[in-house]
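In structure tokens, one chain follows: the form predicted on its own.
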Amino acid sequence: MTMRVAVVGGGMAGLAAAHELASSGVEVVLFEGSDRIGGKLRLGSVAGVTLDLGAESLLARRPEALDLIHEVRLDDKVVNPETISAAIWTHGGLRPMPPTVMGIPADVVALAESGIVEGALDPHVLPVPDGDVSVAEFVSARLGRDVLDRLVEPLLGGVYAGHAARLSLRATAPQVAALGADLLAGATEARAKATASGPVFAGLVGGVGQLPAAVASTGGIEVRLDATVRSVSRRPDGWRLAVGPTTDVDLCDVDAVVVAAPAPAAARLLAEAAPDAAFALAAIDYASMAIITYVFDEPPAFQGSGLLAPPVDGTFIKAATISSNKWRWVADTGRTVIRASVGRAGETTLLQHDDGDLSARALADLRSAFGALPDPLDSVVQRWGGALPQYDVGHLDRVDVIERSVAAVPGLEVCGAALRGVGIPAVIASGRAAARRLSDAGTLDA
């Protein structure tokens, strides 16, 4: 008898879990509450050019995303950036970003020449604490506030849309903790090793947003859109899901369930079956942000991949990417494409501006940073409300509680960005691991 598994959530974690299950011969039904799959991966048209409106690159030094791309036969579209030479927009100008390990300088000469940090560094060699601390506490005690504010903070803002004073060192910057007591020496050594290991990032010709549909086309996966799962309950021989509007609930019986929804929804669904996990999930905060994509007819004067803007400087944007410098396939359209990113945790009023105001204010910052820019041919604002989980200090302890609580319930798994990584490879790894745990536990044996 073919086993049937429900996957709740159609982001990349849920799709990866569904793909893993279907590839092993399991019948999968994937429920997505919105009208589209893909989570924070999305394609859209801007001035007639199809572009990524969400994530546009993935970490190439982790294998999970590239492995999945291979399995869904998108290998021929894999490309690496033409440039990853970014700048820090600070002290009134664009300053070349020196080599770093998550903002920790790996070349003090290049740092001094950049003018990003004012004055000489006064590093302190201190032991790495056994327990978790904030990134801000760890870095500022060893390298001072300027390195924290103008290098580490903008990098964290780009990845997590969070603040170093709250974010967990162990969960968000384990590579920084791994540098040891002497951060500068550790960063120099780690950077040299990383440079020899190949490209950092990869993308897809035509956009990373192609990946969700390719995964969903895996045989054995039934995708149901606009299908909100209202409850998940145990039955003697499996699980029952209540799906759809309260006025027309559809009951779906399955042998096992993978919950791949964001933490607030996952907490609600797990409240009965795994209450400790639900309580821990409910404690995870989320940040909202937006990406504004502009298409121009004229090239920008800046030749690098983009910029990061330290929040200490009070700019509206936190980052910008010149996609047509970064990706050959975008340049081949004959247009200049720039993406601006806005929004960090707690900045609720910022994203209350309408699309026109967001676009205008971000464009004003781009003109201040890059110099004269013409009026865009078109711009698209993509809002990502509650998109990025915040890994506050103690996050990994919370994740341990979630995983232990769920592990005690046969036929139930949980995965997603709320746990052990927000990047595409990490999220894919989370989904596939959840599927494999079901298989290893014998839950899927007919």
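Numbering starts at 1 and follows the sequence shown. Model, not experiment: these values are computed from the prediction.
Missing here is the form predicted in complex with a small molecule; even so, the following discussion is about that form.
Here the marked residues 157, 306 and 343 all miss the small molecule in the predicted bound form; none has a heavy atom within 4.5 angstroms. When you look in the predicted bound form, the only residue of 390, 57, 379, 405 with a non-hydrogen atom within 4.5 Å of the small molecule is 57. Contact with the small molecule in the predicted bound form, judged by any heavy atom within 4.5 Å, is made by just one of 74, 111, 216, 227: 227. Here the chain stands by itself, but in the predicted bound form one stretch of 409-417, 43-51, 66-74, 396-404, 409-417, has heavy atoms within 4.5 Å of the small molecule. Mapping the unseen interface onto this chain, residue 260 counts among the residues with a heavy atom inside 4.5 Å of the small molecule in the predicted bound form.
Mapping the unseen interface onto this chain, residue 269 counts among the residues with a heavy atom inside 4.5 Å of the small molecule in the predicted bound form. Among residues of the shown chain, residue 205 is not one whose heavy atoms approach the small molecule to within 4.5 Å in the predicted bound form. When contacts are judged by a 4.5 Å heavy atom cut-off, residue 289 counts as touching the small molecule in the predicted bound form.
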